[in-house]
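Just the one chain here, the form predicted on its own, laid out as structure tokens.
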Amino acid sequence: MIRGTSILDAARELNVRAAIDIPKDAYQKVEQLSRQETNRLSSYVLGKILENYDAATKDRVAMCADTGLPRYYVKIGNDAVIEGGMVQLEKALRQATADTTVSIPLRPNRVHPFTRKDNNNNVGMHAPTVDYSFEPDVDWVDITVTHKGGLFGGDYRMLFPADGIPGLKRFFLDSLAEFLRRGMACQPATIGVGVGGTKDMCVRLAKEAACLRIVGDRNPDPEIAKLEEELAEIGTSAGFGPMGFQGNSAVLDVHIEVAYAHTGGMPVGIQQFCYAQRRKTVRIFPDNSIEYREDPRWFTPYYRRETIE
């Protein structure tokens, strides 16, 4: 049985690692962009980003002063048994968020939308967000935390079947121009694109695509993988560099996820995950042993399943 204390301890450490240590895939991509960038100011910015990554790890401080909004993605094995059930799991995640807001520290970003009341712990109504998926034939629990900004870089548009891929590309470029030319998404960023489903689903898929797939990962559908590369090339050639400067290094990668949609429409959501790629995953086994890793492995074949067996 997975103990509540194991979840609490693991979630505390998870937040520390996510806030401080940049994942290797993102670090290596920024290094590559730094070598390839021809604009002097953009090259300088990328170099400073790399220095900041190193300083955060060395000094054990958060890699960015704005530590975003903690959000959890929990993948539960169908055979997992959790002490106290799901209520205890969520209680542990909320407590870990409050604890690490103080200990790391994280900036207390969560406020009441009207009164602006701040509990100073990143915990409130519907905060932190916890999303779930399930996995057959296993008895472990995976917990992924992301600290993602909550202001800019998100977009939505209802396209129609006749718009097709050209319409999607046009929307993608419009979104880049809206946010990247003003440095409002803290680029270079990984861009997630969710296509299909309903309005809320395509936006959710876009956020998962941006935050829960590593840089360089490709969708298993060859046509979607090809489109990911085409959109990444559009991002590279659009003239945008880091933090609003000109250049060719605003995009770390593009990830696309799809859902079956209403026959009359093609809703599209776009989400950007900035260069401070704060994400880490822990797997907790029934004997309460734990394993930390950088790849969330959220998009399993079961999660992408297409029809009934």
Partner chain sequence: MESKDQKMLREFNLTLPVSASDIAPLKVGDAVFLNGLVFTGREGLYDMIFEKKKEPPIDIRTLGGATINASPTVRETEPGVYHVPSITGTASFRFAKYMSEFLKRYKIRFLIGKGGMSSEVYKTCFQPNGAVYLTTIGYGMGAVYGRGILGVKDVAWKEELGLAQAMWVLEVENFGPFIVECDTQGASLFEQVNDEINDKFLRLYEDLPKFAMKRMGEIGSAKEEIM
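Numbering follows the first chain given and starts at 1. On a predicted model such as this, the values are computed, not experimentally measured, just so you know.
As for the form predicted in complex with the partner chain, it is not shown, yet the points below apply to it.
A.B. asks: Would residue 262 show up as a contact with the partner chain in the predicted complex if we use heavy atoms at 4.5 Å?
C.D. replies: Residue 262: no, not in contact with the partner chain in the predicted complex.
A.B. asks: Does the partner chain get within 4.5 angstroms of any non-hydrogen atom of residue 78 in the predicted complex?
C.D. replies: No.
A.B. asks: Does the partner chain get within 4.5 angstroms of any non-hydrogen atom of residue 28 in the predicted complex?
C.D. replies: Residue 28 lies outside the contact set for the partner chain.
A.B. asks: Would residue 125 sit within 4.5 Å of the partner chain in the predicted complex, counting heavy atoms only?
C.D. replies: The answer is no: residue 125 has no heavy atom within 4.5 Å of the partner chain.
A.B. asks: When the partner chain is placed as it is in the predicted complex, are 133, 203 and 292 each within 4.5 Å of it, taking any non-hydrogen atom of the residue?
C.D. replies: Heavy-atom distance to the partner chain in the predicted complex: none of the three under 4.5 Å.
A.B. asks: Using a 4.5 Å heavy atom cut-off, which stretch among 99-107, 140-148, 69-77, 210-218 contacts the partner chain in the predicted complex?
C.D. replies: It is the stretch 99-107.
A.B. asks: Along 220-244, which positions have a non-hydrogen atom within 4.5 Å of the partner chain in the predicted complex?
C.D. replies: Heavy-atom contacts within 4.5 Å come from 234, 237, 238, 239, 240, 243, 244.
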